[in-house]
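Shown below, as structure tokens, is a lone chain in the form predicted alone; questions about how it binds or moves come after it.
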């Protein structure tokens, strides 16, 4: 198998990145975070959702005969990696997976969420819910741009098939994008911030932190890209496990590189950490992924 990106795939990745930089750059991100509608009251940007639909984000894997782009899972992974880099809010995975079954999802006219274990994202904003959300109660979310409800007694096995496996891979792709973004942020800050007349990036301890971040990111990238090509459930579980670890630990190390500044509300690093925590609770969680991998070794 050839796991290298083609020219068309690189062009797709670059196009999605430019779209998100222009439509949801840092100013829009901070406006959303600092605006009045955050936490449980967070509102979805419907105009942005429709623009994503117009760009084919939700219809990437929908056949052309059905009005879609006609691409595959590897291309969707590249698009969701860019969404993770940009901290794009909203139930992106659920709406993408519903493109073929829920009218209006492919074009961004309808917002779809899904029950991934006990937590449901953006339930109040959704036009359609996949899975049983009966009895859902709002809970405080650590991520200011991901409102959550908890469904008592729900588990990963309640997630509708056959969408559970691709959902896990696309979530892993979002985590990969976040891990890559925090790595870049740490390296950039280490080259700019000076102590004792030298950039802190020249100090061995900071070099080691950044190097470990890069190793985690590239290890997760290999796993996510490989799983996108094979489509094997066990490999996707492993990719999710690695991507969750990279996203969470890289955000923590990025905070370490930034020092006290990284813990301030004005910095973006804490937003990546909080979103990574929320995504890590989607199916499969660390424990569920480990159990799937262990079962495959028996």
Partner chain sequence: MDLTYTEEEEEFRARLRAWLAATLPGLPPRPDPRDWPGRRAYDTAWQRRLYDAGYAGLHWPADAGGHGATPTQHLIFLEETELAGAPYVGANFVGLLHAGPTIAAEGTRAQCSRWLPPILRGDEIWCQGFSEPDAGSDLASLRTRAVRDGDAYVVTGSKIWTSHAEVADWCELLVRTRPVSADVPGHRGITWLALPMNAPGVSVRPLRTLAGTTEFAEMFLDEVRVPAAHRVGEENDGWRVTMVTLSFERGTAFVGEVVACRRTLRALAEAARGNGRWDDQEVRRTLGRLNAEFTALWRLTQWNVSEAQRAGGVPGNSGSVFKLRYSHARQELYDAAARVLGPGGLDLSHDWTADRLSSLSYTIAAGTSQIQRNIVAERVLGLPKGR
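Quantities reported herein were computed from a predicted structural model and do not represent experimental measurements. Positions refer to the first chain, counted from 1.
Beyond what is shown, the protein has a form predicted together with its partner chain; the following relates to that form.
*Asks:* Which is the contacting stretch out of 114 to 122, 86 to 94, 100 to 108, 165 to 173, given heavy atoms within 4.5 Å of its partner chain in the model of the complex?
*Replies:* This holds for exactly one stretch, 114 to 122.
*Asks:* Is residue 187 near its partner chain? Define near as a heavy atom within 4.5 Å, in the model of the complex.
*Replies:* Yes - in the model of the complex, heavy atoms of residue 187 and its partner chain come within 4.5 Å of each other.
*Asks:* Verify the contact flag for residue 273: yes if a non-hydrogen atom of it lies within 4.5 Å of a non-hydrogen atom of its partner chain in the model of the complex, no if not.
*Replies:* Yes, residue 273 is a contact residue.
*Asks:* How about residue 19 - does it come within 4.5 Å of its partner chain in the model of the complex, if we only consider non-hydrogen atoms?
*Replies:* Residue 19: no, not in contact with its partner chain in the model of the complex.
*Asks:* Residue 128 versus its partner chain, in the model of the complex: is there a non-hydrogen atom within 4.5 Å?
*Replies:* No.
*Asks:* Does any residue in 197 to 224 get within 4.5 Å of its partner chain in the model of the complex, counting heavy atoms only, and if so which ones?
*Replies:* Going through 197 to 224 in order - heavy atoms within 4.5 Å of its partner chain in the model of the complex - the hits are 197, 198, 199, 201, 202, 204, 205, 207, 208, 209, 210, 211, 212, 214, 215, 216, 218, 219, 222, 223.
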